[in-house]
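The form predicted alone is given below as one chain in structure tokens.
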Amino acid sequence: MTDRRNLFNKVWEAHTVGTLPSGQTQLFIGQHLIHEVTSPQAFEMLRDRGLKVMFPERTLATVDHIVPTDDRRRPFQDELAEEMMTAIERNCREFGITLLGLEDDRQGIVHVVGPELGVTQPGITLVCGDSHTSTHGAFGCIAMGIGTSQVAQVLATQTLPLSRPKVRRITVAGSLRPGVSAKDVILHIIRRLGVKGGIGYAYEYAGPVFDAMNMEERMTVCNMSIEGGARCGYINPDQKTVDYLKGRPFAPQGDAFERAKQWWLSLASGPDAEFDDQVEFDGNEIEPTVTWGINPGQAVGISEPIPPVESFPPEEQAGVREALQFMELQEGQPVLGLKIDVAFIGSCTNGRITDLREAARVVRGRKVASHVRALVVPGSRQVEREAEQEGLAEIFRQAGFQWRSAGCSMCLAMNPDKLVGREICASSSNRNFKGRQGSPTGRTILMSPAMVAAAAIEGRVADVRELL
């Protein structure tokens, strides 16, 4: 009999403990990741109720959001940051959880270290108190961001009550043109489907464009599923997935790996798999894409002007006017050529080694514009080491970039890396909300790492294809 279930429903059903009176599923959580910002209150909830962590070996902790990326000496100058660091160190000690602390050479952004250590695997359920947990879906697992009270529930019971979303398959056919990246693909999808288009859905990304991507590019796509309103996003496991995981510290080893491989590959949605909705895009039509507004859906291809307000649905027009006013832009104006003040390469979206290689390819032999403050922040200590060994760090330094240590940095600015006043930042991160990068009036333009590199060199938003 043909299995018409897609990967999402196979994995969901495999982890179902039971159905609750509310109609929700009580779902077993295979892997829990925590960091210093959303976990302190969760541990206090456990203490208040006299509870233990049920399966401490299924939780892994790292520090990323509040850690400084330049001076990492303790105590931190920011008292609240120091309190959070002290809390996660104490909580992990007390409850028996492995912590990748500042002195650990595996430390880094939670959504970078999970995959590179092999903690993230196909067919698991994975949660973290962080919106961009959808990143891990690149491996063919169900990965979702959760709130602090849910973090406490997972610590105490290793389960969560959840409503099962519908599944939308998004196919990108054809191939990408030179200079077009995974970041451009996901910005294009969000622009077309809207920031609320995915509400109530999990997204399955399929088709030749995703098949051609490496694992780090797939992570970039899945990372921003949440920005399109989806509960999560995933890509079916294939040989690239298997090759990426082989030999990683937390992955199965030897014969166990071979058995795991067979199971992982069997999870992929088959040719007869059913979906609640299907959408298709043409990869050949996608060009380098940049945001112009205050949410990731307010974006254009680099050659396009900002669309007229009247071209948006009536319910979106007030938000479009607000965005134009905040960004000091006008309908019909190109984003190409807009002067920038800051360039930021990093984040859980685009802080991996392949991202840095692409950016370094643009930067090599060139100089950052004199008025631009430019930062490169590797996503993990491992990425930092690799980039230094490959000479990428030196390429960035010689061009005039600041080379930093691993952390979330200017993506959300819960650390010393912040915009000042009305600065405009070309950023490889995932959100361009008002105030997101540390200044209530600072402005963010999202783009790929290579596009950020091009903007840093030119001093204004540029088309990377002209520099390649």
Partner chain sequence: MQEISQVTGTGVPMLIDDVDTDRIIPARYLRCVTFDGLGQHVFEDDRLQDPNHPFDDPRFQGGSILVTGRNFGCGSSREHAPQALMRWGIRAIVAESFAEIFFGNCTSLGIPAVTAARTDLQRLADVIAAKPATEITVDLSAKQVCFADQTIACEIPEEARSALLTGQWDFLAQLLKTEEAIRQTAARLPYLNDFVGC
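Numbering follows the first chain given and starts at 1. Note that this is a predicted model, so its numbers are computed, not measured.
The protein also exists as the form predicted in complex with the partner chain; that form is not presented, and the subsequent description refers to it.
- Here the marked residues Arg106, Tyr244 and Gly351 all miss the partner chain in the model of the complex; none has a heavy atom within 4.5 angstroms.
- Here the chain stands alone, but in the model of the complex its contact with the partner chain, taken as any heavy atom within 4.5 Å, falls in 250-258 among 179-187, 234-242, 279-287, 250-258.
- The partner is absent here; in the model of the complex, the one residue of Thr291, Ser269, Gln382, Gln153 having a heavy atom within 4.5 Å of the partner chain is Gln153.
- This chain appears without its partner; in the model of the complex, the one residue of Phe76, Phe275, Trp264, Phe210 with a heavy atom within 4.5 Å of the partner chain is Trp264.
- The closest non-hydrogen atom of Ile146 lies within 4.5 Å of the partner chain in the model of the complex.
- At a distance threshold of 4.5 angstroms between non-hydrogen atoms, Arg364 is out of contact with the partner chain in the model of the complex.
- In the model of the complex, the partner chain sits within 4.5 Å of a heavy atom of Pro440.
- Taking non-hydrogen atoms only, Ala399 never approaches the partner chain to within 4.5 angstroms in the model of the complex.
- Contact annotation for 111-145: residues with any non-hydrogen atom within 4.5 angstroms of the partner chain in the model of the complex are Gln121, Gly123, Ile124, Thr125, Gly129, Asp130, Ser131, Gly145, listed in sequence order.
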